[in-house]
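Quick setup: one chain, the form predicted alone, written in structure tokens, and binding and motion questions come after.
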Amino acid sequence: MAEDRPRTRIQEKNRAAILEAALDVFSQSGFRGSTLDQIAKAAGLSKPNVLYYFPSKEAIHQALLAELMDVWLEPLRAFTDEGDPIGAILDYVCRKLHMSRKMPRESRLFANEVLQGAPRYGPQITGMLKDLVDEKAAIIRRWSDAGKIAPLDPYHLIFSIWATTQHYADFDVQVRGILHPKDDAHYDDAETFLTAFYRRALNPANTEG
């Protein structure tokens, strides 16, 4: 489909249906385990109709990554050096956990991409994402050097936040299988735990020496 032409309402609707269906399929089966037939069936469209909007499975996957990336990275972009350092980091933790709760498919989509070696997202990891993480790590390092937070490696702090918050989306079946929570109550418990955990870890008063 020519991308330079304005889309009609039905075209917008069909395109959105394809991307929504693809998000379900890719997040469950990964890129390699997904097929155009699965996406077409989930979207309620024929395979030729899907190919009218996207020339390939890879094109759908790339469109999903591109459209979701701004939303997924918004909490990190919003992280600034204004206000209380510990409060700012805890706010980032809570926002990341909230995204895992509300957007588990998106989390699994990115996790599957990275687990496969990031063949489609690799340049963004070493380019745009690295630059963004470098920028936020520099803020955290300044806080640490000034004694406003405990002396922690800023990169591994960020990685640990990703791991502890996105775990609840990426390993949802395991978490629910162990906890048997009522609805999403475990996310509330996780927020209480992670807030206390990081508050203690970041408090410079708790540093030994």
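Computed from a predicted structure; not experimentally measured. Residue numbers here begin at 1 and follow the sequence given.
Below, we turn to the form predicted in complex with the DNA, even though it does not appear here.
Asks: In the predicted complex, does each of Ser160, Val173 and Arg176 have a heavy atom within 4.5 Å of the DNA?
Replies: Contact check failed for every one of Ser160, Val173 and Arg176.
Asks: Which of these stretches, 177 to 185, 53 to 61, 138 to 146, 66 to 74, has heavy atoms within 4.5 Å of the DNA in the predicted complex?
Replies: Every other range fails; the passing one is 53 to 61.
Asks: In the predicted complex, does Leu36 have a heavy atom within 4.5 Å of the DNA?
Replies: Looking in the predicted complex, residue contacts with the DNA include Leu36, since a heavy atom lies within 4.5 Å.
Asks: Though only this chain appears here, would Ala196 touch the DNA in the predicted complex if you measure heavy atom gaps against 4.5 Å?
Replies: No, Ala196 stays farther than 4.5 Å from the DNA in the predicted complex.
Asks: With the partner left out here, check for me: in the predicted complex, does some heavy atom of Gln28 sit within 4.5 Å of the DNA?
Replies: No.
Asks: When the contact criterion is heavy atoms within 4.5 Å, does Lys47 count as touching the DNA in the predicted complex?
Replies: Lys47: yes, in contact with the DNA in the predicted complex.
Asks: Going by heavy atoms, what in 168 to 201 lies within 4.5 angstroms of the DNA in the predicted complex?
Replies: Heavy-atom contacts within 4.5 Å come from no residue here.
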